[in-house]
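Below you will find one chain, with nothing else, as structure tokens; this is the form predicted on its own, and questions on how it binds or moves follow later.
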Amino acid sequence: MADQPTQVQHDGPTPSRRDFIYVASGAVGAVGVALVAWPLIDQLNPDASVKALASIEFDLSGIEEGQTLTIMWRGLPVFVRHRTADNITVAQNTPLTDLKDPEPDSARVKEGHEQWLIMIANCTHLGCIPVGDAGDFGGWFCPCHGSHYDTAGRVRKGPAPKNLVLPPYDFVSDTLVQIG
């Protein structure tokens, strides 16, 4: 006997040209929607200027002992203070029971770099910018509502509920710090 071709049975109707056109139209439509939606979704990403501000490097070598500079990071003012030995001693010897938001000085500075205090310059009460080298504790004073901060940026008196906020930062070298 000669080999006879076998017939394949389909479980459903045979696809027609119309079925192909429906599937092809749907695929083209989906690609079209994706092409239109992509620019709209992409514009929600941060632009290059925002990405550039995500972290900054700052050279500390120009700041003299006892001096405070204000720099900008992510649109926020940041205090960079070169603390004196007296500032450090007073901050380290302050009893935690005297603080509204108890936090030791060692938690507010990096080990080995205790002379540098880096913190966001916004009062934690309503976001005003405190004045440096002022107030009852030799640190900062917020003239808007009367909050007093010590030489470690810890709230000591007034309506502010928390210490001045510390940004994320690391020392790249002894004189170069990366914020963010």
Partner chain sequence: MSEHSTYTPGNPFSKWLDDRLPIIRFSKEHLLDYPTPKNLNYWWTFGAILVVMLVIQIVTGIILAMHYTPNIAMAFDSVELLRRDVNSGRVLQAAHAVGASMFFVAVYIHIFRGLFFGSYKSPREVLWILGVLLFVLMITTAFMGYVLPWGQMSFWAATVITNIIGAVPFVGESVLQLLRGGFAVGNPTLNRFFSLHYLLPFIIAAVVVLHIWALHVPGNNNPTGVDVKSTRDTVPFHPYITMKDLYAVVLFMIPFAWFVFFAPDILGHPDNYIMANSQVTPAHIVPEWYFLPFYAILRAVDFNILFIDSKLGGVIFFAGAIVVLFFVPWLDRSPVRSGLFRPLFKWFYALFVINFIGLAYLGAAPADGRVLGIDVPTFSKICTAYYFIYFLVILPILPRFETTRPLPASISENVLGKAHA
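Computed from a predicted structure; not experimentally measured. Residue numbers count along the first chain shown, from 1.
Heads up, the form predicted together with its partner chain isn't pictured, but that's what we're talking about next.
Colleague: Find the only residue in V33, C144, A27, A134 having a heavy atom within 4.5 Å of its partner chain in the predicted complex.
Modeller: Only one option qualifies, and that one is C144.
Colleague: Since exactly one of V80, L76, V90, L99 fits, which has a heavy atom within 4.5 Å of its partner chain in the predicted complex?
Modeller: It is L76.
Colleague: Flag C128 as yes or no: does it have a non-hydrogen atom within 4.5 angstroms of any non-hydrogen atom of its partner chain in the predicted complex?
Modeller: The answer is yes: C128 has a heavy atom within 4.5 Å of its partner chain.
Colleague: Is there a heavy atom of P167 no more than 4.5 Å from a heavy atom of its partner chain in the predicted complex?
Modeller: Residue-level check for P167: no, no contact with its partner chain.
Colleague: Does any part of P46 reach within 4.5 Å of its partner chain in the predicted complex? Heavy atoms only, please.
Modeller: Taking the distances in the predicted complex, the answer for P46 is yes, it comes within 4.5 Å of its partner chain.
Colleague: Tell me, yes or no, whether M72 is in contact with its partner chain in the predicted complex, where a contact means a heavy atom of each within 4.5 Å.
Modeller: Residue-level check for M72: yes, a contact with its partner chain.
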